[in-house]
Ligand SMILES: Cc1ncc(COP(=O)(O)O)c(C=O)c1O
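In the form predicted alone, a lone chain appears below as structure tokens.
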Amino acid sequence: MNVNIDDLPIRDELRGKSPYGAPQLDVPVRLNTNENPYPLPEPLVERIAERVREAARTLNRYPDRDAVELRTELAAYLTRTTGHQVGLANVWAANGSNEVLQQLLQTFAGPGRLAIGFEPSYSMHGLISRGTGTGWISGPRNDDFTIDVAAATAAIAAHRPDVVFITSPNNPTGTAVEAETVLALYEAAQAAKPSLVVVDEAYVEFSHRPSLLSLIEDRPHLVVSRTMSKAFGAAGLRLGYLAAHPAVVDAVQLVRLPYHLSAVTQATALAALEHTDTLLGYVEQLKAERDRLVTELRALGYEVTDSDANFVQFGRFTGEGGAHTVWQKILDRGVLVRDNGVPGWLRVTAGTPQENDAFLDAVRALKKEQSS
């Protein structure tokens, strides 16, 4: 029997949608997913092996369902790197920041409730919202991809969403959000009705600006989400976490799956946190490479969005095929970048110096081809 997805009794709000993902092509240089290009240092690999070996001896038992040691160390990391004091009660961890966001939506949104984000932004906000039965509203941005505060607060007042997503730095544009903007949207959300405001800081370690973590003080409906996938170079670990008022941490535990974080995941994350200084040193290298990409692309005549992340959005591409045609021509030269579907724009992740050189050589050759 020939059956496809349209023949299945899936929920109406999922029909016609596409799963999240980027092409995984076998090319010499892959700069289309926002991974850290540097392998974990050998001392950290050895420490992970030690901690996992210790955890393996008790795999016949369930892991610590509250991940107390891990959350304590994550709180210490946040306190040390942001200067804002947080403790165990303020932190929750899950399998990637996507599960953190899913748990927040399961707790504070769902059928009959609404979430709003300001697009283009991280597409999983809308996808996870729909997956939890939450209505999704696409809010406005300015032409320079900053949030239009007046239009955004008006949209919040009109729709009265239950969850508001703010991504800083924003993906795919790289733009950071001012604290004043977050506060304005938070106040608008509380005036419309008590709503949860989620600041997604997946890329904040790469930012020129400080974390917005301190804003959670005395704001029980404000949450900051983070990940170890980017700055920690641990995309394969799948460990995300949030910082918020202790009541929010208590609330998400109403929907968490039993023993959701494996003992191996907790052990690996704890090992990575022991090597924070080394890993953040790689972040400084990537920030320098990102800034080099911005400078070189602008020198070639491309329009480039200011970036506080580990990637750069560049364009604007017009003409037949638009950005996708350019994406294919760069790919033909052995470099894979991301076509995010933002009309006229592409995104490239900062890689190693050698990978970035290959990308810049490809776009230089493309420019030469276009001018000949």
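Because the structure is a prediction, the values reported are computed rather than measured. In case it trips you up, residue 1 is the first one in the sequence shown, and so on.
Although not depicted, the form predicted together with this ligand is the subject of the following passage.
The single contact residue among R238, R141, H275, H221, judged by any heavy atom lying within 4.5 Å of this ligand in the predicted complex, is R238. Residue in contact with this ligand in the predicted complex (any heavy atom within 4.5 Å), chosen from T268, T167, T173, S129: T167. Although the partner is absent here, P120 lies well away from this ligand in the predicted complex, with no heavy atom inside 4.5 Å. The closest non-hydrogen atom of G96 lies within 4.5 Å of this ligand in the predicted complex. Among heavy atoms of V163, none comes within 4.5 Å of this ligand in the predicted complex. Using a 4.5 angstroms limit between non-hydrogen atoms, T227 touches this ligand in the predicted complex. In summary, the region of this chain contacting this ligand in the predicted complex, judged by heavy atoms within 4.5 Å and restricted to 82-90, 247-255, 229-237, 208-216, corresponds to 229-237. Shown without its partner, the chain has N171, D200, A202, Y203 in segment 169-205 as residues with a non-hydrogen atom within 4.5 angstroms of this ligand in the predicted complex.
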